[in-house]
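The chain below stands alone and is given in structure tokens; this is the form predicted alone.
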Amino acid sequence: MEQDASGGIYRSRLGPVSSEATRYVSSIREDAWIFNEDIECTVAHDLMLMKQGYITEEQLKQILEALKRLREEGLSQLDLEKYEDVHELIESYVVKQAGMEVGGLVHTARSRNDQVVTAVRLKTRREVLSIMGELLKLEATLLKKAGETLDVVFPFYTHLQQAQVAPLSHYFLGYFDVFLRDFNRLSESFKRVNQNPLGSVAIVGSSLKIDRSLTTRLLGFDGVVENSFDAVSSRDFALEVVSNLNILMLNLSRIMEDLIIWLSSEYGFFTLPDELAFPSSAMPHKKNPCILELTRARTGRVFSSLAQLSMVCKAVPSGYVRDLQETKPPLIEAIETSREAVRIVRIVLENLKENRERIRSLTEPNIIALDVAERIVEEARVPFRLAHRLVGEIVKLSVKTGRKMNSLNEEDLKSVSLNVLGRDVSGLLMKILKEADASAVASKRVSLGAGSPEADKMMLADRENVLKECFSKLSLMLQKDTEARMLLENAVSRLVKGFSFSTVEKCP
């Protein structure tokens, strides 16, 4: 077997490793995702070691200079194949730049076990904040669409059959609430993500006098994962985030499914601009909603990520095991897929145009049936089941004669009412049916949250305030992350000028 001549900085007991084995176990490619965060955690940890007297100020300065050069070079300039992971790469680089006497101090009171989970938590927290930001932009778009469609009478469906009419705004407001729950779920999971495992070392902590509360402050964590065994071996925070992203993607997929149907030539309720549609290679007339279909399909990526994470976590023994290395790829896949999907759905909705005349012409006349039954209950004071039966007979007669419900004559309605109720209420039925056009019936709904113009106006005003509160909440969360970066930068600035964590370099 071909051997790696360097042997690697971790192989104190072992001889050189084969290159093939290194390639197989290496996580260096996906570790690019946490490259900047791993350096950030290293800086915070080594600053703490200086405060505790394990590293001198001059030694820390040399370490920081090496880390600064590494950030500036980036991973693309390095031979990645010989490293097991980014942690080995970073430490090896510092050792090469500053020498073993200084570089060898970097890993004091730390293990890859707590190192990796700290960097993953830090990165995940920022990615969660990014997705929450994209969600709020989507929410703002939904409210804008709701405000623009308060006057559009739209058929709502059950079983893909027209059921009742309501303002189209009711649809967009409904999905605002759906995605608000997604936002809140991510906000709740953020609390459990943003806990610091650093200083737990390999499994049961350290005999060195380290200060975990200091690294917690420097990295902007809300608290520590106190039990060291739990800290290094648990990945439930990742499972929770990906589970929430799976729900988010399912919700995005549902709205895409609706729009794919409503964009079809059979419906034609909406139109996409040419810049968001794609052609057929063979049929010149086609205008395909490929973006929407791919969003629907990519839901499977996040579901698969959740399944993959679950399979890794379901049967690993307690404590750290290398299986946990395999939790990063599905976490990355879920985060990147979800963020891109939220953004593209927002762009679709921003550019979606409703075809009002088409909607009106395809709304079935008998869609008012339940509303008519409720007016009979209200005005004739009959049991709902009898009103249901009465309107059912009226609809049957309408279909049989080819006339709209409100075009039936008084004799028709007298016969039906006598047959169902045993009394003549044809005059009342004529009055109710005369008033029961599609736009009028929606205006009569008074139940909380109903699909009516007045209720939707009230919900729209309320949700606008909710959205402002969510933006304020997210702003505070982002501010705390920024302040933590500034705190760490200020702590090292007198040692190394220009060391910044605010700009994240692109890694391969």
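In case it trips you up, residue 1 is the first one in the sequence shown, and so on. As the structure is a computational prediction, the values presented were derived from the model and not from experiment.
The following text describes the form predicted together with a small molecule, which does not appear among the structures shown.
If the criterion is a non-hydrogen atom within 4.5 angstroms, does every one of 85, 112 and 328 touch the small molecule in the predicted bound form?
Yes: each residue has a heavy atom within 4.5 Å of the partner.
In the predicted bound form, which of 320-328, 337-345, 98-106, 182-190 comes within 4.5 Å of the small molecule (heavy atoms)?
So the stretch in question is 320-328.
Can you pick the one in 387, 138, 116, 309 that has a heavy atom within 4.5 Å of the small molecule in the predicted bound form?
Exactly one listed residue reaches within 4.5 Å, namely 116.
Which of 36, 62, 42, 27 has a heavy atom within 4.5 Å of the small molecule in the predicted bound form?
Exactly one residue meets the criterion: 27.
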